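In structure tokens, one chain follows: the form predicted alone.
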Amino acid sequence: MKYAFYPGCAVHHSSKEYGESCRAISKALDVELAEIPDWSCCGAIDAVYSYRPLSSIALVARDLALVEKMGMDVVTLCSACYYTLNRTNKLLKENSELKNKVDAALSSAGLSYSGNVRVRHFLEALITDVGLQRIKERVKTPLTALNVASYYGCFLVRPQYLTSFDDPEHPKSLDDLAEALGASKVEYYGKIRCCGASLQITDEKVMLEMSKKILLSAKDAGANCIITACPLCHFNLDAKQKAIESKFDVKIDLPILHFTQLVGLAFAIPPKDLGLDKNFVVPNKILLQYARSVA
């Protein structure tokens, strides 16, 4: 299996460990990821779209045009990028006037886009194309001691008219993946609630409150880690966890793993190759368990 790979800005810079762990497990599963040459930022959902929608759509259409030349599906690790790429694809298919304007912009760069690209989140490709059975067969270290809370966030499974690989209100793809790795899934009310996303920039107090509720609901339900499928969600729950503890005078100490890191541990890939040394909340107990199981 081979896919065009759109890393996006966060995975390319602030969440490099997400990309590292993705490539590590892809290699173990014989999945080839071909990074899109000269890809550009997707515009970060509404950062550009809100005040220059045509520029935003043309920006994403450029990436889609580059993928179309590669002749394969495109996968991304970022739920926000996944949404933005999908939204642009849909708009260009349904709005001929918009398509004409974007075509003119692309032609000035020597590009064209016919609308033949299928946009997918890497999790979907993992579940749908690789399959849980094949993943189970690659497990070398069953994660039987882990109670995993899967966090889906806003854009992985919603809106349903763009993302249809999982149920928008009761998703289970991450839970199924955790169980395939030998872990136990944790049911908790915060799994599809918003973490505050980019409010960390405009109103951090609100973001900290929203993320706190997710973290505490998972911990109170018995989780000893949370897995995410978006670098932005991971940042709020992981990098901002100390700030949450300080502001609300609570002790959380709950490791937040990219789902690819969890898969990598079950595949017995060395923690450093999964970028686990870059996580803010160091998963000491999880790594100790891993060390004992592979000893």
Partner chain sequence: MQPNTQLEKTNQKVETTPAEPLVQQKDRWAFVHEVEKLPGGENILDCLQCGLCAGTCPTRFAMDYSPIQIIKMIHLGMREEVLSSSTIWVCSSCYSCYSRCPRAVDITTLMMSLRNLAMKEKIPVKKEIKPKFHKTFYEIVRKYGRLHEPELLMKILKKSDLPNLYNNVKFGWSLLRKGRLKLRPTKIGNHAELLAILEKTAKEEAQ
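Positions refer to the first chain, counted from 1. Model, not experiment: these values are computed from the prediction.
Below, we refer to the form predicted together with its partner chain, which is not included among the displayed structures.
Although its partner chain is omitted here, in the predicted complex all of H13, K16 and P168 have a heavy atom within 4.5 Å of it.
Interface residue among C41, A34, A268, A28, judged by heavy atoms within 4.5 Å of its partner chain in the predicted complex: C41. Exactly one listed residue, out of Y188, Y83, F122, Y113, brings a non-hydrogen atom to within 4.5 Å of its partner chain in the predicted complex: Y83. Using a 4.5 Å cutoff between non-hydrogen atoms, T144 does not count as a contact of its partner chain in the predicted complex.
Using a 4.5 angstroms threshold between heavy atoms, R134 stays clear of its partner chain in the predicted complex. With a 4.5 Å cutoff on heavy atoms, R138 does not count as touching its partner chain in the predicted complex; it lies far away. Using a 4.5 angstroms threshold between heavy atoms, E209 counts as touching its partner chain in the predicted complex. Partner proximity in the predicted complex, defined as non-hydrogen atoms within 4.5 angstroms of its partner chain, places exactly one of 126 to 134, 160 to 168, 176 to 184, 216 to 224 at the interface: 160 to 168. The partner is not shown here, but in the predicted complex the stretch 240 to 276 reaches within 4.5 angstroms of its partner chain through a heavy atom at K240 alone.
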